[in-house]
Structure formats: structure tokens, C-alpha cells
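The same protein chain appears twice below, in two forms, each given on its own as C-alpha cells and labelled structure 1 and structure 2.
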Structure 1
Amino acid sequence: MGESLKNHSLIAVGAEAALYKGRFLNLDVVIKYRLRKPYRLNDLDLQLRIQRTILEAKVIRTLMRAGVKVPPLLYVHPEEGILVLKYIKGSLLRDVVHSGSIDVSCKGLNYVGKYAGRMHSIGVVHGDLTTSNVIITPDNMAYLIDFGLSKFSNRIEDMATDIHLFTRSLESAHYKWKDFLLKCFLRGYFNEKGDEAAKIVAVAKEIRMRGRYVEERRVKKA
């Protein structure tokens, strides 16, 4: 693929991948390259990188078919940990919120809620739903990205984990606006997911309590 991929430049170093922008098949693309992590054992490292690359490719294809806005996948090479995706022009939702465009943010969050609802309805959980994993385009559409931690699952618990993670990301990164923004998200989620949404949100609240200092647990194991 080296030949057909032109002029790439580093655009981001994410948590697990380096992202390059380039041209491929006459399109603006990003090359997502899951890097080797020198802190972990080779066996584990290889296993995780291949697994996640394959998973991300599968999830993107599934979501595209279901009408969730995600960057189209153009090429995948699991052993090298490489994905080539269409480049989506825009800003991260996180930065949109930080810039103070609250109306645009709310609209974006509404979309995120809607897409999360749709994903959940077709048995996919995102696994890392945060405002850093949403791109808002210049015409205020939202694209979901980063599916390396996604999972095919119909379990309420897994869907609720998505909601929990997203809620906490609003709390930690966007404290001032968290209540308002959460409403924007949940409106979209409830509209799409219908009756089951309330139950999922209730389980999300329960999950929130678990990791926090639960002293009984320590004692019980004794």
C-alpha cells in the first residue's frame, strides 16, 4: 500500500494509536496505526493490537450498515495494526464544548445519544464513549470514532457501562455544563432506544457506585 499512500503527516497521537493524514485512492484519509506498547509483554501486546484492529474494522462496517455516522473503512491490516479510514473534517466534541459553543454541543450530544441508542439496539457497545471520541463536522453533524474497545453484546450491563462512562466523562471533563449536556445526550438516547432506555440508565447509576470505596467488599473476602 506504500505506493498508493501519499504525503502522510502525523495528526494525532491518541491513547493507543498514532494517526496520520494522507491521500489514498484519491481521498483524504487517516491511517490509524496501533503502536507497540513497550511497557507490556510481547504476547499480550500483539494479542491486543490484532484483536482491537479486527474489532474496530468489524464494528465500523456494522455501524455503517445501521446508519450510524462513522468514518468509512478503506483498508485494514490486522497483523500490522493498521486501519485506513476516510478523513472526517471537523473538531472533537470535547473541544467544541470547551470553546463554549453550547448550542452546537447540545446538538452534537443529541446525535451521540441517538447513535449510542442505535448501536445498542443492534447489539454493539462502544466501549469508550467520551466527548473525545466524537467529531463534529462544519455542518454540525456528529461522527463516532475509536472502536478498539467495542464489543458485540446485548447485555443491559454492557450498554449501561457505555452510559456510565459517558456520564462520567462529562462530569470530569465538562463539569460546568455536565447536567445540561447530559440532558442533551439522554434526550437523543431515549428517543432512539425507547422503553429500555430507562432501565439501562438505572443500571448505569448502579455501576457508578461499585468501584468507589466499597469497604464491605474488602471485609467480605477475608
Structure 2
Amino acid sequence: MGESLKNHSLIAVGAEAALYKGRFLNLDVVIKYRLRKPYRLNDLDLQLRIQRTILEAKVIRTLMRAGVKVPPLLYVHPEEGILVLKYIKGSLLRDVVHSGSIDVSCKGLNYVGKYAGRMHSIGVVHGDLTTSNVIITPDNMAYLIDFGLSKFSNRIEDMATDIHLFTRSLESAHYKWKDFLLKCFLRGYFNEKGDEAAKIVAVAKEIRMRGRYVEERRVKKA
């Protein structure tokens, strides 16, 4: 791959991976390197990185086939923990909301809800659904990104956790507009998911209440 991948520059480093921007097959791409964990045994670490890289690639391919907007997958090297994805030009939804573009934000949230509903309908959960993991393109289309914590699951609890985490991200990062933005998201989700959406959202509220109960118990003990 070295001859095809050149001049890549660091974009960000997270807990699980480093992201680089570069060129591959004459395309602008993002290269994701899943990082080695020095505290793990080498053989175990390698196996886990291979498994996670393969799983993430399968999730992305599944979503692409289902019509969910995600960066197209161009190359996978499980042993090196590498994914190469087409670079999507745009801004994070988080930054679009912060800029005050509320109409654009609502349209983006509606897309995210639609894609989340389709994702759940085909048995995929994102695992880290936030406004920081959505790109809004110059023509106001939305792309879901970062499937490092994703998995295949048909459990209502797992789908509801996606909704719960997304709701919390709106509350923590966009408190002023959280109620309006959540309505935009849920409109897209209900339109795509149909009758089952109400049950999933209800379970998400139960998860939220459990979290509040645990926090209240923690505060009382302190």
C-alpha cells in the first residue's frame, strides 16, 4: 500500500485510532490506523485490532448497500488495522449547529434520524452517535462517520442506547437548541423506522431514567 498512499497528514488522534488525510488511487482519502495498546499482550492486541477492523469494514459496507450516507470504503488491511475511506468535504454537524445555522442543522438532524432508523432496521447500531460524528457537506447532505464502536445487533436496548447517547450529545453540546434539534432528529427517525420507533424511544427514556437514578444514589452517598 505504501506506493499508493503518500503525503498523508495527521487529522486527529483518539483513544482507539489515528486519522490521516492523504491520497490513494488519485482520490482524497482518510486513513484510519487502529492504534496498538501497549498494556495488552501483543498477540491479544493484534487479534482485537484485526477483529475490530474487519467488523468496522463490514458495518460500513452493509450501510453503503442499504443507502445510508457514509464515506465509501476503498481499502482494508486488517493485520495493520488500516481502513481507507473516501474523504468527504464538509463541516461537522457540531460546528454547523454552533455557527447558528439552525435551518441547515435541522435538515442535517432529520437526515441523521433517517439514517439511524435505516441502520437499526438492518441490525446495525452506531455505538457513538453524536453531532461530532456527522459531516454536513456544502450541499447540506449528511454523512455518518466513525464506526469504531459499531456492531451488528437487533436488540431494542442497543438501538435505544444509540438514541439515548445522541440525546445526551445534544444536551451537552447544544443545550440552547436541544429540544428543537431532538424533534428534527426524531422526525427523521420515526419516518424511517415506523411503528417500532416509539418502542425504541421509550426504552431510551428508561435508560435515561436509570442513569439519573444511579447518579442520584451516587450523590447521596457522597
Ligand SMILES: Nc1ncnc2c1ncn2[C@@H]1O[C@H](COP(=O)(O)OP(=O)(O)O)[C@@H](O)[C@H]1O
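All values reported here derive from a predicted model rather than from experimental measurement. Take the two forms, find the largest set of C-alpha atoms that superpose within 1.5 Å, and that set is the rigid core. Structure 1's sequence is the ruler for residue numbers, which start at 1.
- Two forms of the same chain are shown on their own. Structure 2 is the form predicted alone.
- After superposition on the rigid core, the Cα of Lys176 moves by less than 2 Å between structures 1 and 2.
- The rigid-core alignment places the CA of Lys37 2 Å or more apart between structures 1 and 2.
- Relative to the superposed core, Glu16 has its Cα moved 2.5 Å between structures 1 and 2.
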